[in-house]
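Shown below, as structure tokens, is a lone chain in the form predicted on its own; questions about how it binds or moves come after it.
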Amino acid sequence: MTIDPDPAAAPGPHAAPGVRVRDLTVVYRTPLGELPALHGVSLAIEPGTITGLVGESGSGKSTLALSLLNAVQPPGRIAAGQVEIDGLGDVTRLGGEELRRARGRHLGYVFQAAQNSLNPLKTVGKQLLDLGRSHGVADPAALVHDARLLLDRMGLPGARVLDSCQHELSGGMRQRVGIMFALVLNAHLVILDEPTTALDMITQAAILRIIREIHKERGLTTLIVTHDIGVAAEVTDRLAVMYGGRVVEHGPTTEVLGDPGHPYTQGLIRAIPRLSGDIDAARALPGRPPTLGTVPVDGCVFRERCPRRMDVCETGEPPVAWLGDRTVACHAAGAAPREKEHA
């Protein structure tokens, strides 16, 4: 596939970019004023890794993912902070044609509801050609050939899928079409928002295998947003846990899940149903996650549901502490705080 030269500096064809989110705040306009969906989030995504972003609904996962593309839509906006991506710089400062060219070519995104990202009036092939024209692809035939190979690789009849509209495809097929669109322009950073939601276990396993294989072969940096800790455990190298618009724990997946340091991470793992042993051992977290209007302004956002709540949690912002190779934002973590970046 031939693509016209892009004036924006970008990593080489096999250079996986690193991502550095610094003090990112995203707010949404409501009748109560502008309320933060993300508050001072700092997160480093290492080049070439698969990083998982987990947490309950409303924790800010999708908002953070959209911020990596500077794609937060009104009534939301990025109010403060930076999102630096190798080869692109701070994407929060990009706009217009420069930002449009970065999306697709360098930043691939697979939306949570795949059917909502496809045009119901056009075949997949026509949408693919529209994508090629919008990004100045010089050889449309090569683009279609590459797309067909990707679909075949994912276990789909590529030629038939390209001639199909979305209503002629199952949920799992549409999800794989979304992955194809994210990869066909050779993006280096790929973001998948709930890639296995509402899919059967066989299709889910197939998609996770595809993600792992393509990530390795193309030398990508991948971010997977999911509420399913099992999915994160199977496919990710590193894991970031979000609650109330904050990253509360971040580190190697095996360490975060094997010896969680934050009470919220511990609660998420305890809530997973068991297939063997004591089936009553799974216990749901008490209470409900906060909404935009109920996130505490001061103190720890998790304190209302936390079994380790202390007086300092009421007013003090939890320090970011290091536990080995992990960071944990908790007063009870028992380690000395360091620089405020989850790296």
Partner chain sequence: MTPPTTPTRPGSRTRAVTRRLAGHLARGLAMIWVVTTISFVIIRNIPGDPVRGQYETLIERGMSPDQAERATAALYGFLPTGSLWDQYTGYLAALAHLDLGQSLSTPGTEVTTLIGSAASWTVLPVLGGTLLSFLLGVTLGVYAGIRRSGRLGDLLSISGSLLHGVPQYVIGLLMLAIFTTLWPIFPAGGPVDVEFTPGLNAGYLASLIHHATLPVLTYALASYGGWVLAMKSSVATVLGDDFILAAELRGMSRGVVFRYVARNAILPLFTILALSLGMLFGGAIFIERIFNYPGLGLLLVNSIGARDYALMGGTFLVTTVAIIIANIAADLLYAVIDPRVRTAS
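Residue numbers count along the first chain shown, from 1. Please read all numbers here as calculations on a predicted model, not as lab measurements.
We do not show the form predicted together with the partner chain, though everything after this point is about it.
- With the partner left out here, the partner chain still marks one of 132-140, 87-95, 242-250, 216-224 in the predicted bound form; by a 4.5 Å heavy atom cut-off that stretch is 132-140.
- Three-residue candidate spot R100, G104 and N119; every residue lies within 4.5 angstroms of the partner chain in the predicted bound form by at least one non-hydrogen atom.
- When contacts are judged by a 4.5 Å heavy atom cut-off, L169 counts as touching the partner chain in the predicted bound form.
- A residue is said to contact a partner when one of its heavy atoms sits within 4.5 Å of a partner heavy atom; H145 fails this definition for the partner chain in the predicted bound form, lying far away.
- In the predicted bound form, none of the heavy atoms of L43 sits within 4.5 Å of a heavy atom of the partner chain.
- Contact check for R160: a heavy atom falls within 4.5 Å of the partner chain in the predicted bound form.
- Only one of L66, C306, A37, C313 comes within 4.5 Å of the partner chain in the predicted bound form through a heavy atom, and that residue is L66.
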